[in-house]
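Starting off, we have a lone chain in the form predicted on its own, written out as structure tokens.
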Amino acid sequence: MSAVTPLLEGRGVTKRFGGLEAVKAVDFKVMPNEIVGLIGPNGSGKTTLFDCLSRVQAIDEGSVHFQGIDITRLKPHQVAHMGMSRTFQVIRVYRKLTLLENMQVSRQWRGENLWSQMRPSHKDVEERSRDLINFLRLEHLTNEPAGTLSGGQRRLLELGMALMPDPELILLDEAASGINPTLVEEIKDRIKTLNQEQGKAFLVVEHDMHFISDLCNRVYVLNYGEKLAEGTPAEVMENEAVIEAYFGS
């Protein structure tokens, strides 16, 4: 039996800012259908690695592969067309547009060129938008401006916008940060459903260890830009080096 190709793989990823090595020779994998967590203390390099893997940041050494293809020199929009989508630490929605309009402008259909994306949305786009809004249990807010939503509702909308192109892999940057606990559970439930019923893979950067342990198959821990540990959530939380990095000896 042939080995399964990682959906996303970083090999020796290194990123420098001047004389500072923010990420140091990190090897990283997300397999198909996995939910992988990326954790670490503040300043450990999580967001920088996340940006390198999603091609928002250029890397200085190493390579990044998506579905077996070298994407090291590609632009973020090119990678998005291949089936990778992401959210950001600071929620990015169009506050003056309704939920439905936010979804429609996020379609970026895989395989479409820029010109075809500029055309008015057709019926299929509206149907997919409404289906995803219903899936996220936001249908009662469909025609409300996004700026009127709570932080948790905007996070759900942002997840829906990331899902519009039907990606294989969704990268979530602190999806639970500052969110009402009830809506955190809602976000968690929707991620689990997407993973189990649609086979979507996720890479999750998060501070909330309960969020990570409830969701993830595997977890990577960064510290000072280097990979400190890798394993199941239970293995990582029992790792003495991880405990020291988070809480001190």
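All residue numbers are counted from 1 along the displayed sequence. Because the structure is a prediction, the values reported are computed rather than measured.
Another form, the form predicted together with a small molecule, is not on view; read the next lines as being about it.
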item: Every residue of Gly12, Thr72 and Leu74 near the small molecule in the predicted complex, heavy atom within 4.5 Å; value: no
item: Segment that reaches the small molecule in the predicted complex - one of 28-36, 41-49, 184-192, 64-72, heavy atoms within 4.5 Å; value: 41-49
item: In the predicted complex, Ala241 touching the small molecule (heavy atom, 4.5 Å); value: no
item: Contact flag, Leu20 vs the small molecule in the predicted complex, heavy atom cut 4.5 Å; value: yes
